[in-house]
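Below, in structure tokens: the form predicted alone, a single chain.
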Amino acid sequence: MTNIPPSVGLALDIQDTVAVVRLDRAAKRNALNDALVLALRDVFENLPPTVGAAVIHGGGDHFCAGLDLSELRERDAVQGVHHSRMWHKALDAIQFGSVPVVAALHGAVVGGGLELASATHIRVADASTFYALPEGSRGIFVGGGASVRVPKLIGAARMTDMMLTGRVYDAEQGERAGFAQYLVPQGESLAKAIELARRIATNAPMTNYALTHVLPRIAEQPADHGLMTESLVAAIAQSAPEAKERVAAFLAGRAAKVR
């Protein structure tokens, strides 16, 4: 999906091997409506094969302030399930898509915005970032995957506290809790995210695939199942021609050493 109507509020910029995806509804603090969620799904399901990593960021002062409540309408239980599952499919396209995804966070990372961020693989926050799950105070429950993804970042107890009390985490508290892996000065999260994505895109594709698709599943398997899965994936990865070339380059002294 390359020709995205401006009215959708999403922009895609392919920078060599990195796809930079911008939420572009600054007047709405990049709040997510159905059209934008579906556009995210389409973009990540149709990235060009030349792309090795992606970045998601928000235009304006915020990453994403959550669900666009102005478009919230009454649904019966069946319609509500289907709507939630639509979000699940869209965010699965990010988490389990063709490439690793880095989120550049600033300002509000709230509600559905936190659900979107938690579907990415690496999160870079700047000093203006804050996190919240206000659904509890609004009489609703998360429906875009937060109940599965957020506890894996910060634990179920912290998420429960956020929803019961309305607690807001600032950038430093959020980094300590596990919302973000990197914390940078205000205004620098996008540059750092693109830097990381460019580095990620140089990895062997099978390694990146194993880290984004297999590692999360191993983490949920019983230990003996996980170890067997690890053995199988390790054997597949090291048998790839590119892996053999990289190991040979290291042994020959042509590859950089860890310092």
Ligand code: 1HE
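We number the residues from 1 along the sequence you see. Because the structure is a prediction, the values reported are computed rather than measured.
Another form, the form predicted together with this ligand, is not on view; read the next lines as being about it.
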Interface segment, criterion being heavy atoms within 4.5 Å of this ligand in the predicted bound form, picked from 41-49, 28-36, 192-200, 224-232:
28-36
Any chance residue 177 has a heavy atom within 4.5 Å of this ligand in the predicted bound form?
no
Residue 126 versus this ligand, in the predicted bound form: is there a non-hydrogen atom within 4.5 Å?
no
Interface membership of residue 69, this ligand in the predicted bound form, 4.5 Å heavy atom rule
yes
Quick check on residue 54: any heavy atom within 4.5 Å of this ligand in the predicted bound form?
no
May I ask you to choose, among 167, 89, 152, 138, the residue with a heavy atom within 4.5 Å of this ligand in the predicted bound form?
138
Out of 99, 108, 119, 103, which one falls within 4.5 Å of this ligand in the predicted bound form, going by heavy atoms?
108
Heavy atoms within 4.5 Å of this ligand in the predicted bound form is the criterion; list the residues of 112-126 that meet it.
112, 115
